[in-house]
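Given as structure tokens, the chain that follows is alone and in the form predicted alone.
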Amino acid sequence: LVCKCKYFTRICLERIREAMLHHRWQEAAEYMVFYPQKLEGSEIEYRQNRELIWRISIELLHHMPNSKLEDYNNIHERMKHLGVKIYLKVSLEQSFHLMLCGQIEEAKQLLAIGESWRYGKESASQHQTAKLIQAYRSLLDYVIWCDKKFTLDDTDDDSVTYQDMHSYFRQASVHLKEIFKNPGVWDPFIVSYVEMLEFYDDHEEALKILNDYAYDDTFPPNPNAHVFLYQYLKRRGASDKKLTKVLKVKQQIQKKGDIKKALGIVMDMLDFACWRKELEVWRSLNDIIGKLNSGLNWKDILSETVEPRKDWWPALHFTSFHAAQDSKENPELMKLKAPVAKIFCPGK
């Protein structure tokens, strides 16, 4: 009976996926009514598939013409109560939908609840989501601050509006300072915070935030960080020498990032046997490695892509059989593969 139930559950899910793949949203929704019911017979299986149910349900609502905000909220609330492990993730995405619908205060209130939510030991994933919730709550303080700023000249009592604005600035400031202690890519949050600091003429803090974001080695290399710093310095009338220095660093980071991205794409292609004998792909890989060799920290960049493949790439590309076959059928391919083989099979 259990096997039969699992079989019908799997078939039901396959039908849902097939219908969604071909944009038959109504058909998928009809199957989706039965899918959770089939899972309810097994608590373990239901727990394992909570996020799948949630994701599919929300995706279907996106494509149903009569979907209402209430429908989204009902699904989000139900999933939060059914799965504590995904509570924060659901709360964050529910807030995004409220933002899209212009429900800024409601979204902020929801994030405030999520920020104070605690259940058992916090996992690494939950910790990251909690930080995002804190960051987006602060971003909404900025959005409300902007609305107040926009109406500042249109109100009879500017002092009241100004005090309200400052209150939202303080709330955002406290949380964003805390967020920026965590290395990461915080572009929209940085820009928002700097705008508020500039409004209050706190240029010392704005410059410190932008310098830390651009030059702190614990943060990932980010060309945008240097763009933000350049734009700020230009607004402040900085010298050409200072501006040029920032742009040079930005260019170096962007160049390194482009090479790293190209390396990842080419090696992803060579993960598949269908590209194994393509000369152009191996030629591109050699060119990229050559460019990396001329830069600083090139071994670190290369190892990030090579290490996960060291266990299986030699068997895919660099066996004695491959060498003999390439030597006989395609000597140029053998020549192109040789420098890469030294990286994956040193000493052989």
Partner chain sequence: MDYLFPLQLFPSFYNCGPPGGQKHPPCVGAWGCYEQVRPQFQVDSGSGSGSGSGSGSGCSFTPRRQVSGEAWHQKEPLPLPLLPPKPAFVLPLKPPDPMDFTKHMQNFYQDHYQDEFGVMGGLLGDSFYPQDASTQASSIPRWQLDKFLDLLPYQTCSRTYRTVPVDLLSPLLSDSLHSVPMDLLGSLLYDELSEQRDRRLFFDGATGGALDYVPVTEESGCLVYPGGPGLDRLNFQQVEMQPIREGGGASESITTRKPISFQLQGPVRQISSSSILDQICVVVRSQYLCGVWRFSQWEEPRLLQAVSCGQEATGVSVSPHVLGEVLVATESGSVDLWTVGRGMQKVRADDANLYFNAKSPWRWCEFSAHPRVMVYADRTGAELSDIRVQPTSCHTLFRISKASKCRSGERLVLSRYLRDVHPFHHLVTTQHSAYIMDERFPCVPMLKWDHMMQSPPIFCHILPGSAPSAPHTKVLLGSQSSQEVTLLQYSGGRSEACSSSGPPLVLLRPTDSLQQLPVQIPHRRDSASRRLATPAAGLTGIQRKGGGAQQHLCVLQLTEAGDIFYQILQNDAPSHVDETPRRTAEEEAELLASEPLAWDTVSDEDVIGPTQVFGFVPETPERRRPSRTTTDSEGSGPEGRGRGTKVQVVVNENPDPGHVTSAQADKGAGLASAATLSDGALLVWRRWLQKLFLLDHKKKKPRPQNLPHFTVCFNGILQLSVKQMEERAEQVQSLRQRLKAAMSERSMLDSAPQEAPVPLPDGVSGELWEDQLSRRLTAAWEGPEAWRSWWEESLGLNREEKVAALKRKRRREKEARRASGRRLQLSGSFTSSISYQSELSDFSDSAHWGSGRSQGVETDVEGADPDTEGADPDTEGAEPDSIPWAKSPSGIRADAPTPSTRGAAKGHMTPSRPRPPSLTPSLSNTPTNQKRPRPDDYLRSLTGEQELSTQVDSLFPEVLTPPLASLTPPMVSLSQPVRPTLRAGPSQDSAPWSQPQTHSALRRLALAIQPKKKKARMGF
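Positions refer to the first chain, counted from 1. Here the structure is a predicted model, which is why all the values come from computation and not from measurement. The term rigid core refers to the maximal set of C-alpha atoms that superpose within 1.5 Å between the two forms.
The same protein also has a form predicted in complex with the partner chain, omitted here; what follows describes it.
- Listed residues Q163, N211, Q109, Q128 were compared with the partner chain in the predicted complex; Q128 is the one with a heavy atom within 4.5 Å.
- Interface residue among L233, L176, V266, V143, judged by heavy atoms within 4.5 Å of the partner chain in the predicted complex: V143.
- Contact annotation for N330: none of its heavy atoms lies within 4.5 Å of the partner chain in the predicted complex.
- Within 4.5 Å of any heavy atom of the partner chain in the predicted complex lies no heavy atom of S303.
- The partner chain is not shown here, and in the predicted complex it never comes within 4.5 Å of any heavy atom of E115.
- Heavy atoms of W298 never reach within 4.5 Å of the partner chain in the predicted complex, leaving it off the interface.
- Along 264-285, these residues reach a heavy atom to within 4.5 Å of the partner chain in the predicted complex: D271, F272, A273, C274, W275, R276, E278.
- With the core superposed, M269 shows a C-alpha displacement of at least 2 Å between the shown form and the other one.
- Core-superposed comparison between the shown form and the other one: the C-alpha position of I58 differs by less than 2 Å.
- Here V306 counts as shifted, since its C-alpha moves by at least 2 Å between the shown form and the other one after the core is aligned.
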